[in-house]
Structures are given as C-alpha cells and as structure tokens.
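Presented as structure tokens, the chain that follows is alone, the form predicted alone.
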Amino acid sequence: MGYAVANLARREPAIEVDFALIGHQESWRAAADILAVLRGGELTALPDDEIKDILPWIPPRTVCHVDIESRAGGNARGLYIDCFIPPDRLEAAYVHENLARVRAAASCAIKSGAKIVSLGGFSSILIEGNFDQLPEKHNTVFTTGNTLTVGFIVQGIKKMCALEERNLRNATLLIIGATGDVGSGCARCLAPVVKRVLLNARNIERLRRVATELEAEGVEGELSTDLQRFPTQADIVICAASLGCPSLLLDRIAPHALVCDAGYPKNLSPNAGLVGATVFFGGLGQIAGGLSFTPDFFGILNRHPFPNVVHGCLLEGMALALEGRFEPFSKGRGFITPKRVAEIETIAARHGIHLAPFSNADGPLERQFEYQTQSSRGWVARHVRPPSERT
C-alpha cells in the first residue's frame, strides 16, 4: 500500500495552464480505473477492498493534462485535478472533510498557474458559490460551470420534445432540486414556456423564494418538499438534486413522461422502474474540435458512449479559456438567467462545443437521429440504427 500511495504522489512537469478542472469520481469502478492508469499498466490491478483503503489517503492532485481544440482555430491547455473523494463519502456527514479536499484541489490549480478553474460535481455544491472559502487566488478565477450546464439541460429538453413531437407549451414541468443553482436556473429558463411548474426541494423557505420570483414573471405553479403531495402529474421532469448516490424514486409522473437526470452523481435510483418514460442524462456537451488526455484517460474521465462528451460544468471553463475570457462567469446561487445562458451558449458554440447526443444508463438513445463520430478525414455524421434493424 505504501508503494502505491508514494507512486501516485510523484510530481508532474510544469506546463503553461489555461484552465483547470476539479472533479471527483461517482463510482468505485471509475476510481479504480483512474488508479490503474496512475500506477502504470505494468502493475497488477489492486483488489477492490485495497482500493477502498487507499483512496481516502490520496491527497487531491493533478491526474492528467487536458488539451482542447477550437473549431474557430486555436487550442487551450489545462489540467484535470481529482479531489479523490471516496464515492461513498458524498453524504452530509463528510461535508467538512470533502470541503477540505476541494480547497486542497483549488490550491493545486492556483499553484499550477491556471487562469480559470471549473468546479465539477460536488465541488461546486460544497463551495455553494462562496469563493471566499477557497485559498488566496492570485491570478486564478473560479467558475461553478452551472450556467452552461443549465443551457445544455434546457437545450436537451427542447430537442427531446421536438424529436418526440411533444408540445412543450402544454406540459407540466417538475423540477427536483429547484432551489439549487442548476434547478433554479432551469426554472427561470423553462417556466415561461410551459403550462405549469412543480417545484420540489428540501428547504421550504428557499422553495417559496423561487416560487415568488417566478410568480413575479407571471408563472403559475405548485411547490412541495414532498413529491407525493403534488396532485398533478408531471409530463417533463428535471432531476437536479444534490444527492450522495442515485436514490430518487418517481411515481407522480404522467405515463410516457420525459425525464432528464442532470445530477452528479445521478439522481435516479436503479430501481426507479419508470416504465414508459423516456430518460436521458442532461447537462452534457460534446467538443467537435477534439479532446485529448495525457496520460490517456479517454473513456475513463469521460465515460460516455459518444466521443469527446464532457459535463457542462467543466466545459464552461474550457469554453471561456478558448474565448480568452478568464472571469468567474458562474458564481453564487440564483444568478443564472436566460440572458446569461444564451451568452455562454454562444461562446461555447463558437468553439464547437454543442449539446451532446442523448444517452442514459442503458447506453445511446439510438432511435431518433444522427451523432458525430470521428473518421480519418474529420468529423462525419453517421446514422445510428436501432438494434432491431441491425444484422
């Protein structure tokens, strides 16, 4: 065990850093895969119980270099820094321990000279936009990345509705985690274009503040801390709650509802059993220009069925780095507006960062449309046939 930890602590050569990405793994399998690459392929894989013993002792550190290409020309160089938060320690009982890990990861980013840092997953939730909790920042700025995440969630809802010929304006929208930065941002963007809004979160006072804000814009709806108390069934659901593990069960939804799971870790329990519903993972974008990791973590840090797909929270910092806008674009809770979403979407699109193809826990949602795949001559559109049509 001593050798494994010492080996993981080796120093990386200095490079000029445009951006840094701070994250953590949502499963033990993902954590094990990262440790395997860091230890070197020549070493025997560690048993699961040893991985669970080692991981809590690994300090936050740079895992790899990240390079991203812009479709507008140019590129940006960065780092991925893992907090090494054990996947079973995302609950409230570990908040102080995990906050210390995020602060240590932020120190790594600052020492690297990163100009902008994106906070991914629970790292942004722990900070809650209060960047004063982070170490002295020198010339480094931080962003939660939540604005672009909201943009991709909203784009995904609208595109799915169009693909499945759903009338968004006649829909009842349920937002779970409606008081969080992402949930409230989705509410501001989608509430004006649906028939009715249902808001759910744990804190009733925060729920009332969000509802009051929407009412001032002429939006009608209901709020409750208990999903069972909504008398109305939802046609469209956005799951954006801060859960330590996938545990959410849904039953107050309409048959054939559209469900966007935008949590990290995912919100929906594997036992949710949403028969007839269309479930997709939201808040994801795809980089058309190209993405590379050194060492090669492709398929480990971006565990998606399509190439170059990354969470919107991390993509926001990358897009801003490509744009040369080193500013805390997303900070605090409650500042995500349709105008700000449109602005970051425009920046991302200019550099070839767009909504990712749809997928869920079963893999690609292949029945509808084309996706981008890389060939020797560049990016080419390919039609993906449903499994029933394949030979």
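Residue numbers run from 1 along the displayed sequence. What you are looking at is a predicted structure, and each value in this text was computed from that prediction instead of being measured.
The same protein also exists as the form predicted in complex with a small molecule; that form is not shown, yet it is the one meant from here on.
Interface stretch in the model of the complex with the small molecule - options 215-223, 202-210, 77-85, 94-102, non-hydrogen atom within 4.5 Å: Going through the listed ranges, the match is 202-210.
Please determine whether each residue of T179, A240 and Y264 possesses a non-hydrogen atom within 4.5 angstroms of the small molecule in the model of the complex. Heavy-atom distance to the small molecule in the model of the complex: all three under 4.5 Å.
Contact of S118 with the small molecule in the model of the complex (heavy atom, 4.5 Å): Residue-level check for S118: no, no contact with the small molecule.
Give a yes/no on whether G151 approaches the small molecule to within 4.5 Å in the model of the complex, heavy atoms considered. No, no contact at 4.5 Å.
Whether R333 contacts the small molecule in the model of the complex should be assessed with a 4.5 Å heavy atom distance threshold; does it? Contact with the small molecule, yes.
Does the small molecule get within 4.5 angstroms of any non-hydrogen atom of I125 in the model of the complex? Output for I125 is yes: heavy atoms within 4.5 Å of the small molecule.
Just to confirm, with a 4.5 Å cut-off on non-hydrogen atoms, which of C186, A109, A319, C313 contacts the small molecule in the model of the complex? The option sitting close enough to the partner is C313.
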